[in-house]
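We give structure tokens for two forms of one protein chain below, kept apart as structure 1 and structure 2.
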Structure 1
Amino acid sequence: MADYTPSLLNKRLVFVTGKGGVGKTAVSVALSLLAARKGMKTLLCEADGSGDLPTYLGVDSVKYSQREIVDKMYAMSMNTEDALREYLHIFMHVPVVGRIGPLANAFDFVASAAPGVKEILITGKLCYEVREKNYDIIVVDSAATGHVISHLAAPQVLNSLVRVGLVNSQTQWMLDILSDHDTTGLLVVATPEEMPVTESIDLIDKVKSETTVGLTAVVMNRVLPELFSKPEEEAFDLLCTERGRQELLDATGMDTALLLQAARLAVELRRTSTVHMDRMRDALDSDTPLINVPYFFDPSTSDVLAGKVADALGEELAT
């Protein structure tokens, strides 16, 4: 296994984020499948309950209560009311009741005025599962790049606001877990395009300056394949000339102008994406891996696609 494999699968808690549309959920599911295949008891958590996780798992729904999807792999979706009920029961010893709608509404009102209050439920639930050692690894399909900082920094924010008392003690142990880079890490997903790469670089800077969570790796998703080797590319360039096309037409009777234009477009797209990949690599520390996942051209359902991404991740980590 590559040297950076433990940095992914030996974490206890991995937050996965990325700009909307880059395949963040697919990579979250893929990493969870990969961990489960290696015999690790895995929890995949959807931080935003309105996401597409069920589609990628091939199930009808995912709820707050953990559900086993495949052997060793469980999934759940965050819910404010259920998380608040569990928090009150575990830490405040409040008896479990059927519904706490009015209390949850009041909590939402308070959370809208106090930074980090709502996010602390999500982060606290995840850190609690880590502390209790209920799973070997927890993979979090986190909020997108524009919102993930508030989740990662929630214990830190509340801890700085409330210096003593119950709130301080409740956030300190969470902060200890998040700050331990051997335990917790962040996985950023991008595609080799200008805006996703720019947002990812900005996010990495904010993570370093505003949170205590360490960056584990960056996944570059939907990487186009290199169509030609160097000799093949020289032959292709020749065919793209007027003389080359005419010689091919004379030899085969086929006008390949449209085919060559399509291939030229694919080559140019690959070259452009390489520029963005290089920019991403240059922004990373030397010990932070950039992991490539190829573009899958064949049509697949979301759950099948997640399996293919898991295969690609496994192959990448094994090289």
Structure 2
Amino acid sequence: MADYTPSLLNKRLVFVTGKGGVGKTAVSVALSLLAARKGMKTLLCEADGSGDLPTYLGVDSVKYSQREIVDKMYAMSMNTEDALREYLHIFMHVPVVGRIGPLANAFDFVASAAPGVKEILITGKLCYEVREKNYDIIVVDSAATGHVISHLAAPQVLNSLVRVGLVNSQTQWMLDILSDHDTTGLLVVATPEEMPVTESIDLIDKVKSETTVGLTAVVMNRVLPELFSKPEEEAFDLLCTERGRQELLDATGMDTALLLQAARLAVELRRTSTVHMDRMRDALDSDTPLINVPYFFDPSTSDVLAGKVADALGEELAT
């Protein structure tokens, strides 16, 4: 466990992905908070277009232009039109004033004809921030499993389409950043359930076969607490028998059937989740960390939840 910190927080660019709804945004915010707390200048980028980030950060909005949210932690929301404008300005030295309407239309035309064009702008912007060393770490709340590959593989896709010339030379440096496993990493978030684990395993296989990006760690989010210790569980099993229930009824005058059923459900859920957690562990190389984050039952708001997830991540990373 001791080398979790180097492997996760020593990256310059971390893509956080996973099945829809598993906690990508919560974990991205938490990781960013953690990095900022350690004094690292951090950029959190929302690239999934869901617009959930402001509630997690407790702000009205997050835009393309980066803004400091808390000390050392900046946030931005990705948007292809702004990224195109910035690209034209920086790389092509085209002064772009106001809306880039007709150009954006032409771009849309090209982008829908050629795979990887839109994605390259997004990935390119992130790699640019890395290259310029503007931040110690950039955490990307990325698209869900189905789409993230197209972002990670965008430079290869374009490189293979255009083997020489401007496009090639402008994508090779990105590929160098993405392919360097000390610089760039993928953090997959799953929950201990059938589909999220199956999707994560498929995704990890695809990342290996279709991209050059390295898998840094997997976060198992919303892990249910162990209700009982082993002896308590045996005692509980006894209570659940007809005789046990009757004895409880005699002793307390209460029919505890519902109570026991609820506890039984919680125990069963925990047992099944263990099966899925084991499945995830078995699918990973032995040196890939699997980081558990508990289910928090009581967070009042998303930003409070993100703080709790950050504390939990911090504890896991420190042990």
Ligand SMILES: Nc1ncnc2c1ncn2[C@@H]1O[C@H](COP(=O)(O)OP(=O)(O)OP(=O)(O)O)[C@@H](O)[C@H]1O
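Counting starts at 1 and follows the sequence of structure 1. What we label the rigid core is the largest C-alpha set whose atoms superpose within 1.5 Å from one form to the other. Note that the coordinates shown come from a computational prediction; the quantities given were computed from them, not determined experimentally.
Q: Any idea which of the pair is the form predicted on its own?
A: If we ask which form is the one predicted on its own, the answer is structure 1.
Q: Is it true that Pro294 shifts between structure 1 and structure 2 by 2 Å or more at the Cα, once the core is aligned?
A: Comparing the forms between structure 1 and structure 2, which are aligned on their rigid core, Pro294 does not shift its C-alpha by 2 Å or more.
Q: Using a superposition on the rigid core, decide whether the Cα position of Ser50 changes by 2 angstroms or more between structure 1 and structure 2.
A: Comparing the forms between structure 1 and structure 2, which are aligned on their rigid core, Ser50 does shift its C-alpha by 2 Å or more.
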